[in-house]
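Two forms of a single protein chain come next, each set out by itself as structure tokens; they are called structure 1 and structure 2.
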Structure 1
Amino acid sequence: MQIDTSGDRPIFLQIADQIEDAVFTGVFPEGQQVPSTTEISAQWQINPHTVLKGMNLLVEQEILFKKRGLGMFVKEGACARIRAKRQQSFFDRYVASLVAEAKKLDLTREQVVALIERGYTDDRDTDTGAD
């Protein structure tokens, strides 16, 4: 985890984002316990209430669940929920604005698809070192 205490983004949101990312990438598999608020707060010298606020956000989003007396665990289906949330965010941030700009440029759907396909082809060429 990396916490930016001097940035504009609230610390509890940074904690929630990083735990969510760890769940999504398999660091914390579904059903597994995540580090306690005490462990995280001690490691990063953050107020335990701030850590708990971030974890409770993930409970509300059904990413984590509490087992009384045992701690927080990754909820079954958490990865699917995260993927759906991120896909919607991707649409909202990139696709919707791409389509809006394409319409302003009078690009057809086919032209936009061709541009996206070109982007994938260019990425592969860059990855392989080909020009």
Structure 2
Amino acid sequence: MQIDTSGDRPIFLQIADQIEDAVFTGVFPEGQQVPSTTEISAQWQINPHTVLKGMNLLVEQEILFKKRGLGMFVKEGACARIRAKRQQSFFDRYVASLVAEAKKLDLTREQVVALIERGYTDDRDTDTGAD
């Protein structure tokens, strides 16, 4: 996990991203406790209020929930919610910027589609090439 303190993205959003990633990849399994605000704050040297702001964002999105007096836990169904959310934002995050960059490079629509096809083929090659 890494926080980019000189980057553009506000720290509290980065915290939310990182925890979300960890939940999605199963580092923090559903139903289990995530590190406390204090732990995260001290570890990354970030003001605890900033950390809490990031965590509260995930509470709003029903990825985490608070157990009074105990801390924050990963909500059941969090992974499915994250997947749904990311599928929704896939266009904005990847496709829109891909098209914009392709236009800058004078790549045609057909060329871009072909490249995407190649991405899938290469992916299959590396899958089988492992052995």
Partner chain sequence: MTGIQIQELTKRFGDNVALQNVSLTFQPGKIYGLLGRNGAGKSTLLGIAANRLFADSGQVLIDGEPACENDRAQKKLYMMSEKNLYPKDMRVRDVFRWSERFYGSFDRQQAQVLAQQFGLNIKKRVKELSTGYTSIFKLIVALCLDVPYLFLDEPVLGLDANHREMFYHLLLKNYADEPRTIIIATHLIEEVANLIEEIAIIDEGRLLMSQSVQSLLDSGYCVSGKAGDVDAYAAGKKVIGEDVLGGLKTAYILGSCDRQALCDSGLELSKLNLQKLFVELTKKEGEQ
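Being a predicted model, the structure only gives us computed values, none of them experimental. Numbers given to residues start at 1 and step along the sequence of structure 1. Throughout, rigid core stands for the largest set of C-alpha atoms superposing within 1.5 Å between the two forms.
Source of structure 1: the form predicted alone. The chain shifts as two rigid parts between the two structures, and V34 rides on the same part as I63. Superimposing on the larger rigid part's C-alpha atoms between the two structures leaves the smaller part rotated by 42 degrees. Overlaying the rigid core between the two structures leaves the Cα of V113 displaced by 7.8 angstrom.
The two forms, fitted on their core, place the C-alpha of V99 9.5 Å apart, compared between the two structures.
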